[in-house]
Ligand SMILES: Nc1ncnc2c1ncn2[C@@H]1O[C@H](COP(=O)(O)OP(=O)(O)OP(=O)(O)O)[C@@H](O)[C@H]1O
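A lone chain, given as structure tokens: the form predicted alone.
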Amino acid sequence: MRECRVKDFFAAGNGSPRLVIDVEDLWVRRDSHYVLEGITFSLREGTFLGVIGPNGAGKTTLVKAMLGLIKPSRGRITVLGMSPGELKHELHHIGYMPQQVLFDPYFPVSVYDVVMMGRTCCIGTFRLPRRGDREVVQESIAAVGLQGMEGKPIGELSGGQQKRAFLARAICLETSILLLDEPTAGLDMDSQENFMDLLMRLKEEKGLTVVFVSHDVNILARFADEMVCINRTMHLHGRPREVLGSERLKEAYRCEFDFLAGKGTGGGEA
């Protein structure tokens, strides 16, 4: 029934981009205080949304709420026409790259094994991968430019190559939405550029909707179609030029903004 609902969602529409994510008056409480208050925005398919905000602003909490990993205190979220709770059995439609992927760099797990882990929800518990699963994994590895490295231990890869492997793990499903939490953190400038070029190519080839959380205001201003700035509440939502040109951005970041944006960035060039 759930799979039918997902298929019905993709089959519906009049040719215009469908609304794939809808967040309405979202409040999330952690311990004794709210970390998100009254967040409202919507996102149509094929859109690249950049989510910015200072440390502790609630950006990761927002992503986890979309995935159904955190239950809202108030408000509503729909993803592909369903609540995250309803969608939890169909999460292969959503690729997720968390802020930190914890692994032992000395544990001999290969690139192939890491990407195959992304197929777990399709394969099922205690079942072996089928031929189709193996083919999808190989295709995903090739899509991120790691062909020939399938058998290499993940710990021996460079930082940029590891990010590519985790991106391959995120797209080796029937992915239509890609949620990325600080995916370029820790990379040098060249590796960041290479990652973003790869991401934009995959977005176009696969028709992905991308939600990209980052502290890097500049890189999102270059690539995002829309940007959301949150710091517990939602301060801004609009096109990069509109967001970066707003005085409310400095209010959201307070003293952090000048350092993060860099000299001249506040002029709103996207």
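All residue numbers are counted from 1 along the displayed sequence. Note that this is a predicted model, so its numbers are computed, not measured.
The following text describes the form predicted together with the ligand, which does not appear among the structures shown.
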Picking from Lys203, His237, Arg44, His215, the single residue whose non-hydrogen atoms come within 4.5 angstroms of the ligand in the model of the complex is His215
Let me know the one among Leu220, Met66, Cys229, Ala57 whose heavy atoms come within 4.5 Å of the ligand in the model of the complex, would you?
Ala57
Tell me the stretch among 241-249, 220-228, 204-212, 31-39 that has any heavy atom within 4.5 angstroms of the ligand in the model of the complex.
31-39
State yes or no: in the model of the complex, is some non-hydrogen atom of Glu150 no more than 4.5 angstroms from a non-hydrogen atom of the ligand?
no
If we define contact as a non-hydrogen atom of the residue within 4.5 angstroms of the partner, is Gln99 a contact of the ligand in the model of the complex?
yes
According to a 4.5 angstroms non-hydrogen atom cut-off, is Glu182 in contact with the ligand in the model of the complex?
yes
